[in-house]
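This document opens with one chain alone, in structure tokens, the form predicted alone.
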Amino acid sequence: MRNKKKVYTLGPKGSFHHLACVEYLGGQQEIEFCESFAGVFEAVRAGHLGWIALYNSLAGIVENHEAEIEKNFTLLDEMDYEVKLCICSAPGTKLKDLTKLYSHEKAFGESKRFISEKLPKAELIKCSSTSHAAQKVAQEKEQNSAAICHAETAKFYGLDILANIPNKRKNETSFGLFAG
């Protein structure tokens, strides 16, 4: 892909959208972050490319924007990205000391068994994305809190991985690249 257009996706840095986009593009395009799907659609209407999640193998349709894409945009390509989650925290934190877990509600759902077995008393605090959760934990640096996110996201924010959360079933998200 040698297009000079920027690619807009959901952020912040380290989001599953970002990680999948980097893998798809191979670092060949400039990536800009939006806070919402509407922001991505607006950028595409302005002549840029958009990258969004379409479907998850466990959760189904990610957002109901299929009609918007079919009516107003052209889907150029799709890619499946494996969702792998982990528990990460500030350096020096121990899994047994955690009392607060930050993440997106879908990540909590996908981690339900792990949380009930390993961290049954932890308070679950919803964030708008797994990357926002990692960002929050990195900023606060509390020894009793952690985020559920991708291992690459933990690296972006200087967090230690305390545990990998096993997938009982294949967990993939289909992402689409689209233009106006």
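Everything numeric in this text was worked out from a predicted model, so none of it was measured. We call the rigid core whatever largest set of C-alpha positions still superposes within 1.5 Å between the two forms. A residue's number is simply how far along the shown sequence it sits, counting from 1.
Beyond what is shown, the protein has a form predicted in complex with a small molecule; the following relates to that form.
Novice: Thinking of Y102, A134 and K141 as one candidate spot, does the small molecule come within 4.5 Å of a heavy atom in every one of them in the model of the complex?
Specialist: The answer is no: none of the three residues contacts the partner (heavy atom, 4.5 Å cut-off).
Novice: Taking the small molecule as it sits in the model of the complex, is L159 near enough to touch it, meaning that at least one heavy atom pair lies within 4.5 angstroms?
Specialist: Contact with the small molecule, no.
Novice: Would S145 sit within 4.5 Å of the small molecule in the model of the complex, counting heavy atoms only?
Specialist: No - in the model of the complex, heavy atoms of S145 and the small molecule never come within 4.5 Å of each other.
Novice: Using a 4.5 Å heavy atom cut-off, state whether N56 contacts the small molecule in the model of the complex.
Specialist: Heavy-atom contact with the small molecule at 4.5 Å: present for N56.
Novice: Does the small molecule come within 4.5 Å of any heavy atom of V83 in the model of the complex?
Specialist: Because a heavy atom of V83 falls inside 4.5 Å of the small molecule in the model of the complex, the answer is yes.
Novice: Though the small molecule is not shown, can you say which of L119, I31, I69, V62 has a heavy atom within 4.5 Å of it in the model of the complex?
Specialist: Of L119, I31, I69, V62, the residue with a heavy atom within 4.5 Å of the small molecule in the model of the complex is V62.
Novice: For F37, decide whether the Cα shift between the shown form and the other one is 2 Å or greater, given a superposition on the rigid core.
Specialist: Superposed on the core, F37 moves its C-alpha 2 Å or more between the shown form and the other one.
Novice: Honestly, after the rigid core fit, is H65 moving at least 2 Å at Cα between the shown form and the other one?
Specialist: Yes; that C-alpha moves by at least 2 Å between the shown form and the other one.
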